[in-house]
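We begin with a single chain expressed as structure tokens, specifically the form predicted alone.
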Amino acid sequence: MSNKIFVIAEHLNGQVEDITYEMIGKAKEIGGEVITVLLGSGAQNLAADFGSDKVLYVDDAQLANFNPEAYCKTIVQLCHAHAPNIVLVGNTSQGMDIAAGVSVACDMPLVAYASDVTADTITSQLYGGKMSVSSHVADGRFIAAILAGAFDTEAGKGSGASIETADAPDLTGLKIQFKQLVAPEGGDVDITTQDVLVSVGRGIQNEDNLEIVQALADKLGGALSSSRPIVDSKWLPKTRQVGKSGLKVKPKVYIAVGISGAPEHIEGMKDAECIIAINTDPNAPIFDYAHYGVTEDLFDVVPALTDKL
């Protein structure tokens, strides 16, 4: 077996996503030759701080913006040429757009929602992180879709990785064409710039109860944010959503009120300096990331905190 590990780099608007460094760090821990696969157009400079052994860079105009069809064809060609035994992709919208196609084309089993990986075993989260399952791969050949926030970003950074260029496959006649990137609309509050965020989840039960959480945010001089269910219910605008399909935030204090801690939400707030969780479920995944927590009813705790302040 080749004992090579491919890490599929993610980048957007000239910025490398943290999940790339997380996967590089984990790949180095697993052992073997770690090869970061970087696709783009004029994007070689993004590889400057990859801590892998090598970077495989493919430059093509059709790869300038993310296109799942073009990315999948290119990665499949590289896998056939270099025969990695492990391929790590992000369990993100980009990663999952290409993982299944690569899995089928390269005859490699795919395990998603991975929170840990060894040379032959993948640990996955199910039911929003409430259950973990281990999958053993007999021959050590697999694709793992890694949950953002599962590993340390700094472990994947470094310098001196050799850069090897590779040719793109024939990308003419693609059925999928990139048209434009639509940025989210601006809102009344930019939650990405706030020092204090009080974030609310489905535990708040109904829209009228948002008032007590807003009162706490006001006392702290912070802003109100939320998990996705609150936005889906249209109780708060999309610009207040924290998570994979919302915004990534890094406040000094992040208070999670009635939020269980699904991987998609954790991805958006895991880098907060201080995380405080309020949830009646002691097994809620949010407590795996919280620095402080309480398992009492939010309707008792939040007003009491506000009164004290």
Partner chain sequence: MNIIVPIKQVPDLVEELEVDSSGKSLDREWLKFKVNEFDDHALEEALLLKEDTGGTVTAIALDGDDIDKALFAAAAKGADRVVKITGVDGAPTNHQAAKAFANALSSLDYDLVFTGVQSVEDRDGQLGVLLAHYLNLPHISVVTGVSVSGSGVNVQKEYGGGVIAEFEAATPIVLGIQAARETPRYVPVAKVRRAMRSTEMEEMTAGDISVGAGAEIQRMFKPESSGSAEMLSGSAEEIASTLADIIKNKM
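Positions refer to the first chain, counted from 1. The structure presented is a predicted model; accordingly, all values stated were derived computationally and were not measured. For clarity, a rigid core is taken as the largest C-alpha set superposing within 1.5 Å between two forms.
What comes next is about the form predicted together with the partner chain, which does not appear here.
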| query | finding |
| --- | --- |
| Heavy atom within 4.5 Å of the partner chain in the predicted complex - residue from Val196, Ala168, Ala155, Ala215 | Val196 |
| Three-residue site Gly31, Ala48 and Arg240 fully in contact with the partner chain in the predicted complex at 4.5 Å by heavy atom | no |
| In the predicted complex, segment of 37 to 45, 243 to 251, 23 to 31, 52 to 60 with a heavy atom within 4.5 Å of the partner chain | 243 to 251 |
| 4.5 Å heavy atom contact, Ser135 to the partner chain in the predicted complex | yes |
| In the predicted complex, His80 touching the partner chain (heavy atom, 4.5 Å) | no |
| Non-hydrogen atom contact Asp97 with the partner chain in the predicted complex at 4.5 angstroms | yes |
| Partner proximity in the predicted complex: Asp232 to the partner chain, non-hydrogen atom cutoff 4.5 Å | yes |
| In the predicted complex: members of 95 to 121 within 4.5 Å of the partner chain, any heavy atom | Met96, Asp97, Ala100, Gly101, Ser103, Val104, Asp107, Pro109, Leu110, Val111, Ala112, Tyr113, Thr121 |
| Large Cα shift (2 Å or above) at His136 between the shown form and the other one, core-fitted | no |
| Rigid core superposition, Ser233 Cα moves 2 angstroms or more between the shown form and the other one | yes |
| Large Cα move at Glu154 between the shown form and the other one, threshold 2 Å, rigid core | no |
